[in-house]
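Taking the form predicted on its own, here's one chain by itself in structure tokens.
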Amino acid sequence: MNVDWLLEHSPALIIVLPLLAAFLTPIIDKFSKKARNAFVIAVLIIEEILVIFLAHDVFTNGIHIYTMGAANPTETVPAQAAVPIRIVLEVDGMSIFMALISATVSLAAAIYSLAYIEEEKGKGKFYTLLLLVLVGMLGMELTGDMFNMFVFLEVLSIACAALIAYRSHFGDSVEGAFKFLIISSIAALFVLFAIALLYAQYDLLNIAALASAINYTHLDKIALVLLIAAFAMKCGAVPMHFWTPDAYSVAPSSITAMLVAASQASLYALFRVCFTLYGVTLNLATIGAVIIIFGLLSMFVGVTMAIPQKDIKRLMAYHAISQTGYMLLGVGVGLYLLTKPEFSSYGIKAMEGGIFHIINHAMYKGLLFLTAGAIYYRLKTRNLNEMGGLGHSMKYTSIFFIIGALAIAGIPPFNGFASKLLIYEAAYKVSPILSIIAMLVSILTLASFVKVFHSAFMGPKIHDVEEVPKSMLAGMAVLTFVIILFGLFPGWVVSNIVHPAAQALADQAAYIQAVLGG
């Protein structure tokens, strides 16, 4: 196996590897628990390497196309094929950017889970579902086919629902999973109906082919509304957010970190639809304004609902909603400003801020949920009123929590500061009020996490507990490393990772040409 072959087939391998591993994990589990753990971690490390390998090629050489079942899978769809009937994987800067998030968070979550779920039952099923969550995220992010995106959305939703209900002996776990399933079913029906409307008109499912043929008819507008509603629902945007605190708070903490990345896969789908599928004929200002409204509502409602919470994971879940608002605000402002030639450079900057915030949020919010899981692991409670003094005996966990809290509040030199600064600057060009609201939300976020730190870690030692096992600390350390690295070198990250992702999202013509040629 040479490097060129590996690079050529890496888009398919990245999806197939965890899918195959998901089926093998229960079999290995029957023979050896240690072998199962080693197998899952090894697969996820290889997956991370493959994603980084492909990311380097995409950021260096441009869009990577892979046509499933073709004699030469990296060629564009033949010009004489009026209907691209094969599934095409399209890996551009935005796709691989999201894949990096999914692979990194999954690796950290799996390492963390080795000790975290050690006393639970059904660990073979747990790791199988964890791998399927990764498959669903990567499939949504790398596919160039609308129906294929729907299929992977369903894989992701079912696996996530099962993991939310993993501790089924708790009633609230089943309730959270049920709410998640209801929302996921409604969203999936919306997506499927929208795909049917597009297919009925154009006889196409390929995103690039649809984008080149779309006429922006009334049916197309209905499909757009359905797709925006479905993916906004799945990413937890207000006013369709009510499933988020119930699901996030009851899932095992390693899975909650993955639910954050899973929500962002739906956010990616929302952006892909707006920019790539409808980009040329879309009224950017109108859709940008709608996304800005979603963003502002999510920011404000999320942070104000978080402040009075006593359940540490529920508090963090509301903050996840709030942070999703920053991403929507950044990309919404970008869409809006791209329609104004004098501010088009700020439009790209706003998109870069929103996209940069996606990876930042996945890292620091994932870390915060893992620290909450560490506290639950030792105290068996999520109630802040029953905590206190943990800084004496859980020093590393408290340090990780401080880093995550400062990052989410946008305090330099951590990664949240750089992405929020880009959003503030660009949002100011639309209206100073947008920047003021965004800054106010950051201040309230910091105040909320100061309360959590005081309740959980400060004060006299009242619990005789030890630090969590090393594997849990290692999982937290993976995300902490990325937070610090991106905070210290934001310019490099924006130039080499974020800017190519933003450009890929904004350049619809390049996407279409890469897939269809011409």
Partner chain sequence: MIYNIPFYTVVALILIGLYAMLFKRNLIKIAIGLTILESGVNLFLITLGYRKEGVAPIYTNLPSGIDVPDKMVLPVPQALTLTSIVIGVAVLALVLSITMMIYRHYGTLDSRKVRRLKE
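Not measured: the values here are computed from a predicted model. Positions refer to the first chain, counted from 1.
A second form of this protein, the form predicted together with the partner chain, is not displayed here; the remarks below concern that form.
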Would the partner chain be touched by all three of Ile182, Ala200 and Asp246 in the model of the complex, meaning a heavy atom each within 4.5 Å?
yes
Could you tell me which of 425-433, 113-121, 207-215, 164-172 sits within 4.5 Å of the partner chain in the model of the complex, going by non-hydrogen atoms?
164-172
Please run the contact check for Gly388 against the partner chain in the model of the complex: heavy atoms, 4.5 angstroms, yes or no?
no
At 4.5 Å between heavy atoms, is Met439 in contact with the partner chain in the model of the complex?
no
Is Ala177 part of the interface with the partner chain in the model of the complex - any heavy atom within 4.5 Å?
yes
In the model of the complex, does Ile375 have a heavy atom within 4.5 Å of the partner chain?
no
Only one of Phe300, Phe417, Phe150, Tyr346 comes within 4.5 Å of the partner chain in the model of the complex by heavy atoms, so just point that one out.
Phe150
So which of Leu142, Val250, Met394, Leu270 reaches within 4.5 angstroms of the partner chain in the model of the complex, heavy atom to heavy atom?
Val250
Sequence order please: the residues of 111-140 with a heavy atom within 4.5 Å of the partner chain in the model of the complex.
none
